[in-house]
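Okay, so here's just one chain, in C-alpha cells, the form predicted on its own.
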C-alpha cells in the first residue's frame, strides 16, 4: 500500500480483515499507521514494489497516475483510490499501460459497494421501477482539512473529489452520459456544485455535492424514478432503500451509511471483490474504464463551469 493518509485508515484494516499481508510505503505516517493496525513498512518505493504481489494506491490525487505507471512497469496489478488519475489523459495512459501489460487495474469507487446504493442499483437492474427517467443524488460533508484538496489544480475540487461518486453512479444506473451542465457556489466556508446530466438513453440526472463547515454531519440522498415507482434513500432520515410504488406503504427499516458503518465496511466489501479479481475470479463491479468515464463526466462539468453551457462528455469506448 502506497500512502498513509486518511483513506489509508480505511484500506489497511479492510485488507487485514481479508487476511492480506500489507506492506506500507509513505513519505510520512507509515510507521504510525501500522502501529495502529498491523503490517510492516518499506523504506523506499522500490523496496515496496519488489516485495509485493499487488499495489494499492491511497495517496493524493495528483500522484495517482505516476504511481500506477510505476507499479505497472514493475509488473504489479494496481488498485487505485478514486479518481483513477487527475485527468482523463493521464487515466488513458494508465489504462493503456495496464492493458498492454495484461495486468488488472481497479479504481476505488467505494459508493458502488455501499449496501444501500448497491441494493438500489440491483433494483434498477432488475427492472423494479422500469427504465430510469430521473435521478437525484446529493452528498454533503465537512470540507477536507488537507490544503491540497482546496487547490483545484491538484484535486479537481468538489466535482472530481466528492461528486465523482454520484457522477459514476448516475452513469452506472442510466447508461452513458451525453452532456453535463454545472453551476458552483462558494460562500462562508461552504462550497457546493450542482450538475445536470443528460444521458444518451434519455434519462436526466441531478448531482449535488457540498463541502461544508467542519463538523457537518455526513449525509447522502438519492431518488431514482421510473414509470414503475421511485427508489429513495436519505441517510439522515430513512437509513434503508425504500421502494415507493405509489399504492404501497413505504417500509420503515433502517441502517446507517458511512461513517457509522454498522454492517461490514464497504471498503472491505470493495477490496474483497478486488482481491477475488486479482486471484483470477470474476471481474469486480467497477472497471478501469468506468473510472475513466467518471473523470470524463467530471471534466465536462468543469468545462461547463467556465462556458456556462452544457458540455459534451467524451466517450471512452475507444482510447486514443
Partner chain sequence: MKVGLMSFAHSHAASYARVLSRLSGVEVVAADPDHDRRPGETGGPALAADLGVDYVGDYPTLLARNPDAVIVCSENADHRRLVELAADAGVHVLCEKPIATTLTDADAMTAVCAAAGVQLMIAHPVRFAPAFATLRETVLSGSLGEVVSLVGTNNGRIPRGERAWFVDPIAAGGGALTDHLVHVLDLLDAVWPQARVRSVYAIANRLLHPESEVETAGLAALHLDLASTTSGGGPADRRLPVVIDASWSRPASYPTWGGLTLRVIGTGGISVCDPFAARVGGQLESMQNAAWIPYGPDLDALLLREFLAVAAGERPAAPDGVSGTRGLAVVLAAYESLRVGQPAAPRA
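Residue numbers count along the first chain shown, from 1. Only a predicted model underlies this, so the values are computations on that prediction, with no experimental measurement involved.
Below, we turn to the form predicted together with its partner chain, even though it does not appear here.
- Exactly one of the stretches 160-168, 126-134, 82-90, 105-113 approaches its partner chain in the model of the complex with heavy atoms within 4.5 Å, and it is 126-134.
- Only one of 138, 173, 235, 98 comes within 4.5 Å of its partner chain in the model of the complex through a heavy atom, and that residue is 138.
- Shown without its partner, this chain lists 204, 143, 118, 74 as candidates; in the model of the complex, only 204 has a non-hydrogen atom within 4.5 angstroms of its partner chain.
- Taking non-hydrogen atoms only, residue 226 approaches its partner chain to within 4.5 angstroms in the model of the complex.
- Taking the partner from elsewhere, residue 308 is found to have a heavy atom lying within 4.5 Å of its partner chain in the model of the complex.
- Contact annotation: residue 184 falls within 4.5 Å of its partner chain in the model of the complex, judged by heavy atom distances.
- Contact annotation: residue 122 falls outside 4.5 Å of its partner chain in the model of the complex, judged by heavy atom distances.
- Shown here without its partner, the chain carries 35, 44 and 61, none of which come within 4.5 Å of its partner chain in the model of the complex through any heavy atom.
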